[in-house]
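Shown next as structure tokens: one chain only, the form predicted on its own.
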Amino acid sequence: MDDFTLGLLTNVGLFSFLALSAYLLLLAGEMSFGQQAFFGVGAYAGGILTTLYGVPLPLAALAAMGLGALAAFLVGLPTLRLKGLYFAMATLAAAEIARLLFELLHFQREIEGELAGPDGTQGFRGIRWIFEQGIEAQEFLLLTYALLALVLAALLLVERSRLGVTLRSVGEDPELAAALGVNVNRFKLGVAASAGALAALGGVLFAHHNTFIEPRNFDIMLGVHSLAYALIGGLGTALGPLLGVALDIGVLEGSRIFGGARMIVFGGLVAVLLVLRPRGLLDEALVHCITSRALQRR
């Protein structure tokens, strides 16, 4: 496998965590433009722990996920009181505040005679834990997809459980869910925290794959794409966001032939798709149809 294909497949896996993060909130009826903030929290936290303190990556990832969940919970406390577009704009504002805080973050230590750690707008270099452990690019790819498979399996199990039914009911009709005894605000806070943890896990892996991160890696465009991943792939199943990531990155790479107009072409294709399939390619109706036919064949 050549380096370009390897890098492309790894990016698909990394951004799938971000896509699933946005997907969870969409199921709960909330459209967030701010999941890139928790992706960045995970990237910086994981990088600091492994680079400056020598913490093993698995432990650093768990700590970063906890921090991402806490950050999402704190952001959700005020913003989940808002509805619709107001919530979306509030999450975008929170994400931009986080990006500005990353630009102000200067926390360096001398490691083997060289300064290491976040240096504001100059970024965070030298996140080399996987190289120091002798982990090859293909092994890191397998690690990424193994973790993604575990997350996906957990989400698919949740979808078949009472918790999954509650999640969709809260997203489709929160008033009815509240009438049936669901504490909607508390439930959405839990979903937001879980989504923050997922995004942070992707951020940790992203930082260690790239070895260098900077605040503009976590700008508004990443938030837009994270939402597009879920909307393009579909909200009928957790497999939808993964399909969305593959199509998004694939179309972006394939549209390079259009040069400077490729973002216009890409945006047009996405707009047409969302008009034709407002709930995405793998929407609830299609998933139900596929499931019904599979059961009939059995």
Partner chain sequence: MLDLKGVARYFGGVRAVDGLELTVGDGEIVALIGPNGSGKSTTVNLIAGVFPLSAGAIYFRGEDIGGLPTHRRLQAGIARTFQNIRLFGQLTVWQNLWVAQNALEDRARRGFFARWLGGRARAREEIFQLLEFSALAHKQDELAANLAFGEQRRLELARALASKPKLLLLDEPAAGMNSEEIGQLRERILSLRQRGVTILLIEHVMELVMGVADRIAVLNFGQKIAEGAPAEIQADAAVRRAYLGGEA
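Numbering follows the first chain given and starts at 1. Values in this document were obtained by computation on a predicted structure and should not be read as measured data.
A second form of this protein, the form predicted in complex with the partner chain, is not displayed here; the remarks below concern that form.
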Quick one: from A177, L155, I135, L143, grab the residue that has a heavy atom within 4.5 Å of the partner chain in the predicted complex.
A177
Quick check on this chain: which one of V182, V151, L189, I130 has a heavy atom within 4.5 Å of the partner chain in the predicted complex?
V182
Heavy atom contact within 4.5 Å of the partner chain in the predicted complex, the stretch among 160-168, 191-199, 205-213, 108-116:
160-168
Is E139 part of the interface with the partner chain in the predicted complex - any heavy atom within 4.5 Å?
no
4.5 Å heavy atom contact, A285 to the partner chain in the predicted complex
yes
